[in-house]
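Let's start with one chain on its own, the form predicted on its own, as structure tokens.
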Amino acid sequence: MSKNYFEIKRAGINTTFQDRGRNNLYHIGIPFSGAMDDRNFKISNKLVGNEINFPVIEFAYQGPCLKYFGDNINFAITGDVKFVIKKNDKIIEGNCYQSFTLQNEDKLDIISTNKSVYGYLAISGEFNLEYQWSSCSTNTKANIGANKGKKIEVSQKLYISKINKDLSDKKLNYINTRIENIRVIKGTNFDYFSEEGKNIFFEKEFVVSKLSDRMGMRLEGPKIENIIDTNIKSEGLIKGVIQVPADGNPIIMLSDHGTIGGYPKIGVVISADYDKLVQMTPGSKIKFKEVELDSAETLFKLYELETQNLISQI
């Protein structure tokens, strides 16, 4: 067993291992899963000198408190997160998008996210994890992935199989920004909804419900009227698709979504806006804006290019 490990003193809320997720398994009912905020996931790995798809620890709202045992190791946290490093009686305030060194018996206390949902902890090395379908992403609804498909728990030990030799400090000047509108393309059942319902979808505000998790985001607001059928034969779903059940309140499918569903689909959140969407906390207001498919493709390419530019600055 490795001599380098973290001991979990507090598990935090919905703390799991995540990477880029699983490809091409929809046909057997397995979604992609993976890090909710792909940009912050990638940046966290780059800050500690890892390959871009190494598993990291994803947490929501309150993060874990970990005590480290072993050789010096670097870590970085991305997102909008408050955390401290405890070295004996000394407390060091942490900064996101900057690498720090942990020494034997140091504590890392990830206190909370600030006006956002998800944060990411990457270490300069490799966690000792089991892969499933070429990914260690944890889907707790299906008990799939690393840690036997479970959340990280208090008193658990997270072993590290390898530490990078390069422990140089890295930093990125980056601020998470909010987006005014969530852009969508029309869904396959767009014409199931009345003209008033369509206008409401694009012109009115919706509020993110507390009933949101890695599987889906429920919205509350003016009801979207369906004039054809509130249920359809179950069809395939994708990440970001917006279903409208009989109560008229939209549900946005997120990374751990079910792969089929029987509610009509009014729209799909474009990939370029997905990272911003998942960071919207309960009570946040959402407005949707329609874009065409070719514009959505261009916006995604630009977003990917911007992400690559940020990574190249590290």
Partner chain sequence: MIKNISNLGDAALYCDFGNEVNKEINSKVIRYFKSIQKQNIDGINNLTPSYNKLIISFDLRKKNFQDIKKLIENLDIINEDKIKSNKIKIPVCCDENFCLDINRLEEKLKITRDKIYEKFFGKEFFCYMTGFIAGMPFLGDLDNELRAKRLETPRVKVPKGSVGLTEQFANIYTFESPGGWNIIGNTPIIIFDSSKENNPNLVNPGDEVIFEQITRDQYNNYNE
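Please read all numbers here as calculations on a predicted model, not as lab measurements. Numbering follows the first chain given and starts at 1.
One more form of this protein should be noted, the form predicted together with its partner chain, which is absent from this view; the next part is about it.
Between its partner chain and 25, 38 and 296, in the predicted complex, does every residue show a non-hydrogen atom at 4.5 Å or closer? Answer is yes for this spot.
Note which of 96, 163, 158, 144 lies within 4.5 Å of its partner chain in the predicted complex, where distance is taken over heavy atoms; exactly one does. Looking at 96, 163, 158, 144 one by one, just 144 meets the 4.5 Å heavy-atom criterion.
Using heavy atoms only and a 4.5 Å cut-off, determine which of 190, 174, 131, 202 is in contact with its partner chain in the predicted complex. Contact with its partner chain in the predicted complex is made by 131 alone.
Using a 4.5 angstroms cut-off on non-hydrogen atoms, would residue 105 count as touching its partner chain in the predicted complex? Although its partner chain is absent here, residue 105 would stay clear of it in the predicted complex, with no heavy atoms inside 4.5 Å.
Using a 4.5 Å heavy atom cut-off, state whether residue 279 contacts its partner chain in the predicted complex. Residue 279: no, not in contact with its partner chain in the predicted complex.
Close approach of residue 46 to its partner chain in the predicted complex, 4.5 Å, heavy atom: Heavy-atom contact with its partner chain at 4.5 Å: absent for residue 46.
Does any part of residue 246 reach within 4.5 Å of its partner chain in the predicted complex? Heavy atoms only, please. No, residue 246 is distant from the partner.
Work out which of the listed stretches, 69 to 77, 150 to 158, 182 to 190, 85 to 93, brings a heavy atom within 4.5 angstroms of its partner chain in the predicted complex. Going through the listed ranges, the match is 182 to 190.
Could you pull out the residues of 247 to 263 that have any heavy atom within 4.5 Å of its partner chain in the predicted complex? Counting only heavy atoms within 4.5 Å of its partner chain in the predicted complex, the contacting residues of 247 to 263 are 258, 259, 260.
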